[in-house]
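Next up: the same protein chain in two forms, each one alone, written as structure tokens (structure 1, then structure 2).
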Structure 1
């Protein structure tokens, strides 16, 4: 009788506490009520990541888990490393990270995994020190989607260039590469600017504006800019308006309604493409919780929200999970999105 009672107590303990390992380290068991899931964005003040925090808070409310967001005060890889080091010191159980520079984060994320901390990334398909990377969509396909919208605005002809937040940003460059490939295969009358095929906005609207003005003065035949950072489209649009180039020069790319509204309303900016960062934040936390519980991660993974309910591994990868979450907005549907 005593043996049966002991076995029963052991069973209850196993259902109440989770022991997890990531292949690098192992941690002591904790009840779910003590888990700490931290999401580290590129920049805590950027409107995109302010919106992402809404998803983190929604996940915390829905799950009852302690999930929170903490990021650097600006988009800076060294500052992001420091935030992650501080969270490791606080003994978090999971880190969900949107890297500024994936290569710069490899050592600190490796340290986290060595300590048994679950690591999940987003917009970092080449990150080595992560358990899984979530992408809202296939990056090359998203870049092609942006190009389709830019080509439509350009009338199917003209010279264009690509703009990225940082040349070290993996996803931005994959989107730009996807756009270039799409133009080459589908738009024979659209050509890439040879002398400056890729420019850097530093994820900064003012810098995108200044860089666009330089480009338009230097290259009078430039007709289009394919942007990737959420700051590119509004920054370039401002330059187009100030230089009197509306209906002559066009921009398409990722953007936020809150920052692009006046340009969409005026017609200077015809399209912005994006996915909802709120959903990405929720999805990362949801995946981290599943890993902490020891649940299987496989094709068809459901993270509990549209666009992430049938996640598939990228071909040849056992780390990169792809959803189907992109959307396009113009002046006709922009009021449907409040961020």
Structure 2
């Protein structure tokens, strides 16, 4: 009984102290050189986020601010909460977070915001406790971008079809729909294969390869495949190469240089599209600095790098900012990317 009371008293004392110490969310104004901007990725060992850190460092060099990346050693929501708590205790001024599980982060991000810390998220468009969430692009626009690249490879004419991981995968199908809409509006000589407008690669390179071979046998006039899953473009490329259809049939789609390098080198595959985590890392830090400086965040916001120079709010949202941060990789620039 006694022990319980003592504990309770200590708890009350601590809380009171904490409230006074933090001055009810009022922060002391600090000079810019003392600002600390921390980016918390899902997983600090993953190649994707190693690449993101390059963007954080680039931002630090460009702006002269103290921006750094610190993340959990593996993709684990509980470990990510721990990292964020540590950073709050270290008195950071801004937190840029790529949540493992947005719901699991709500309490800790709420706590950070209560303490006056600037919170910016990425790939978490439904996060409640964030000031702004940055999305690299809108799905339909990205699909249109893939179509533009496919059209370029196809020489602006011919019949094409779309490939998705599964017909139930939301983003793949939104990209594919965006591509189809783009072709209908901008490329009158490019037509969708009516009898087989969408095939599944099951997110599996081997299946993408097998399905492509079937398509080319059944539809000799087929000239293009619009891929969405990162397995589509390399799988279809292997089929094109093996069947001797190079320069006759083309594929464009999401892809990783690590998987597509031989095909980009041989010219079977001309373009792969993706978004660059380096850019997202830079953009998040840039936005955090703007908020710290008290600058206004509105449509047309320029975060200072290509793809993020004209950010728009998502329709009906005052939190989700959308860029056009896709990139295209080809034979000439693929060595700049390590994923």
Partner chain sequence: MNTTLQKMSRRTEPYILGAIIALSLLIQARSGQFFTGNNLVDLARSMTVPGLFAVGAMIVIVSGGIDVSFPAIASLSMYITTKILLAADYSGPVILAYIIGGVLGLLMGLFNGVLIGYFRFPTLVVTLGTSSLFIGIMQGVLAARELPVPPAMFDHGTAKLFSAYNTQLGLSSDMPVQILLLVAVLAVTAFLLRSTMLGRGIYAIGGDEVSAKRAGFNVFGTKMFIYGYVGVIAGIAGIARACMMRNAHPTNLQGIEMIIIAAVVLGGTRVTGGVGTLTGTMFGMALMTIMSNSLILLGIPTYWQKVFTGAIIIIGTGVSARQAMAKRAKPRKASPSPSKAPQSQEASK
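Nothing here was measured: the structure is a model prediction, and the numbers come from that model. Numbering follows the first chain given and starts at 1.
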query	finding
Identity of the form predicted together with its partner chain among structures 1 and 2	2
Hinge assignment for the rigid-body change between structure 1 and structure 2, options 300, 68, 137, 244	137
Rigid-body rotation angle between structure 1 and structure 2, smaller part relative to larger (whole degrees)	47
